[in-house]
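Presented as structure tokens, the chain that follows is alone, the form predicted on its own.
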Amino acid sequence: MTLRHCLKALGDRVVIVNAASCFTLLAIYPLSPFRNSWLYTAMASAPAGAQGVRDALDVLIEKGKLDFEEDLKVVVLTGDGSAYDMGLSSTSGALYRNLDFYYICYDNEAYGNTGFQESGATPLGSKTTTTPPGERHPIGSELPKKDLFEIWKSHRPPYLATISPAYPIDLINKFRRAGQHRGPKLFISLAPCPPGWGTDPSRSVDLAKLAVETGVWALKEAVFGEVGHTVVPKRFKPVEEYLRGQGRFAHLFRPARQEETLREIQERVDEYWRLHKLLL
């Protein structure tokens, strides 16, 4: 759903450079559900592929072999495994070179394409196939989620934002604002994953909305490093309401409540909003 919204905002004149991920099977030669071009790369290489495409388009335009009106928007599409981990150095290089491209990360908080293993995006307390709750590690994942927004922001790109499929107007408006800038334009979308999260597909949008309402997923943007929050709940719901509906967190409630972990997860969320002076 997020990708549908993003493509509506970007229009048809787009070439997508896709790192190996859950979305890779969307376009299988010679069939594709897209009106635009699709280039598949290895997991760590999508920003490098985008550099080649952007350079080729610029050279063709400069030589007069391609009209400026025929130019394409270059879009990298990755999951969190590539964005947070394997492709991070390639992305950093593209940001350093001020590559004019869009980067969309759909964050389902694990390596979903290969069985839902822990990634740098996996939140504290989550069950994955590589962090199964057990006697030695009863809470599942013992590491907090990596803050990719801050890592990217340290490069001071022209535009950076978080988005959600539950807030399409916020998403569309962010793409419109991003389009005013030349250079890297980056987006991270929370992407509920029914098989990995242990949820019913019909609840995906509700879960994405609940993530915002509980403060787990902050909707924000940074323009040349200056951060502003675009959606702030008037009253935050308890994080537990978000966790309870997901099979990947069921062990935090059954057979016994893991109070210390639940409290730590809530405190981490509260601390973020206090840091930004949006929670009293």
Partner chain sequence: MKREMLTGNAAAAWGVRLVEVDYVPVYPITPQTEIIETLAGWISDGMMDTRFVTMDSEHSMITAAGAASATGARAFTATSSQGLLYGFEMIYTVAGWRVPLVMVNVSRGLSSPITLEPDHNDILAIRDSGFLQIHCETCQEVLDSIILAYRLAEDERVLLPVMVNMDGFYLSFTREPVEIPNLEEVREFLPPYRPKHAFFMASQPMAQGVAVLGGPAYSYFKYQMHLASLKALEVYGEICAEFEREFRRGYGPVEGYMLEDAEYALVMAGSFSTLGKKAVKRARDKGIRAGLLKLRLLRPFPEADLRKALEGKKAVAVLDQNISVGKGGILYSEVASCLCNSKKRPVLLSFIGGLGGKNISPHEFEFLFEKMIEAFEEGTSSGTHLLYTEKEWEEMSLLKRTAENEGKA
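Numbering follows the first chain given and starts at 1. What you see is a predicted model, and the numbers here were worked out from it, not measured in a lab.
The same protein also exists as the form predicted in complex with its partner chain; that form is not shown, yet it is the one meant from here on.
- Here the chain stands by itself, but in the predicted bound form one stretch of 216-224, 230-238, 24-32, 243-251, 24-32, has heavy atoms within 4.5 Å of its partner chain.
- Using a 4.5 angstroms threshold between heavy atoms, Asp71 counts as touching its partner chain in the predicted bound form.
- Among heavy atoms of Leu57, some come within 4.5 Å of its partner chain in the predicted bound form.
- When its partner chain is considered in the predicted bound form, Thr129 lies well away from it, no heavy atom lying within 4.5 Å.
- Although the partner is absent here, Ser154 lies well away from its partner chain in the predicted bound form, with no heavy atom inside 4.5 Å.
- For the options Ser90, Ser189, Ser119, Ser141, the residue carrying a heavy atom within 4.5 angstroms of its partner chain in the predicted bound form is Ser90.
- For the three marked residues, Ser37, Thr41 and Gln51, a heavy atom of each sits within 4.5 Å of its partner chain in the predicted bound form.
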